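As structure tokens, one chain now follows by itself in the form predicted alone.
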């Protein structure tokens, strides 16, 4: 399986404090990756670095063997899309208008969206169960509906990599599952590479092909959930006592917090 994203010796410094230090990662095409770790581990900082929203102190990031420093933002947006934890939309826009924003990287200056763009947008909305929100104002959408619209916007960019920064942390359980199912289906059916920051370890186990565990800007472990979701790793990373059992339905690891 070919590499779509490589991170080599990445170091990022915030006012003399290293948020990420000498990080090396290799992401393959068409897989679902989840990044776990406590607050301050460098998870969101890593996504910002990949999307060129933060300066790199040392090291390199390559997308399809191209150094991102050589890519203009518009060209980078054709390769990477972003789903933030919470999106503030200050204008009274319809659902389809928001998703159409995903086509901006593919348009020339002052160029209007054409029939092909509209077709791509409608297909993205269909795949994210948002087609019924085409003509609904964002001000009248629920939190889950807004987040699905943002996923549709990212999908409309036709980028091969989708970065998701805690995309379900503000949602109820039903909407969490719906969003995660949508992303998992896009990975399976579209060959998307998803890189998702989560706090819910059990949710990550259920949906991820591989999990990365970070702490203090460094990689603690990376691999299949069954291989790295272990009591010693979780307790060392988070500083809590846990018990890990096999989920009787999925046969995957399931974490239970143990009160001391």
Partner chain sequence: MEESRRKGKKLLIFGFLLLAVTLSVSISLGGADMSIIDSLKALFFLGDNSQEKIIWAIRLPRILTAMITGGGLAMVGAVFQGLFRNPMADPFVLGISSGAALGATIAIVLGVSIPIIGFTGISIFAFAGALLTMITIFMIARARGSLDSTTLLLSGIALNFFSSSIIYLFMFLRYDKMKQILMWTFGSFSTSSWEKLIMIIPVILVGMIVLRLFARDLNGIMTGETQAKSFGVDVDRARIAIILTSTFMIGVLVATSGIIGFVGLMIPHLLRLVIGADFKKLLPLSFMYGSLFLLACDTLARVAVKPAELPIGAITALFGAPFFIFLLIRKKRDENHV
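Values in this document were obtained by computation on a predicted structure and should not be read as measured data. Residue numbers count along the first chain shown, from 1.
Omitted here: the form predicted together with its partner chain. The next part is about that form.
**Student:** Is residue 160 part of the interface with its partner chain in the predicted complex - any heavy atom within 4.5 Å?
**Tutor:** Judged by the heavy-atom cut-off of 4.5 Å, residue 160 is well away from its partner chain in the predicted complex.
**Student:** Determine whether any heavy atom of residue 135 comes within 4.5 Å of a heavy atom of its partner chain in the predicted complex, and answer yes or no.
**Tutor:** Taking the distances in the predicted complex, the answer for residue 135 is yes, it comes within 4.5 Å of its partner chain.
**Student:** State yes or no: in the predicted complex, is some non-hydrogen atom of residue 87 no more than 4.5 angstroms from a non-hydrogen atom of its partner chain?
**Tutor:** Although its partner chain is absent here, residue 87 would touch it in the predicted complex, with heavy atoms inside 4.5 Å.
**Student:** Wondering, does residue 187 line up within 4.5 Å of its partner chain in the predicted complex on heavy atoms?
**Tutor:** No.
**Student:** Is every one of 196, 207 and 255 within 4.5 Å of its partner chain in the predicted complex, counting heavy atoms?
**Tutor:** None of them does, since no heavy atom lies within 4.5 Å of the partner.
**Student:** Scan 171, 107, 177, 71 and let me know which has any heavy atom within 4.5 Å of its partner chain in the predicted complex.
**Tutor:** Going through each option in turn, the one that passes is 107.
**Student:** Considering 166, 123, 97, 145, which brings a non-hydrogen atom within 4.5 Å of its partner chain in the predicted complex?
**Tutor:** Here the answer is residue option 97.
**Student:** Across 33 to 54, which residues bring a heavy atom to within 4.5 Å of its partner chain in the predicted complex?
**Tutor:** Read in sequence order, the residues that approach its partner chain (within 4.5 Å, in the predicted complex) are 52, 53.
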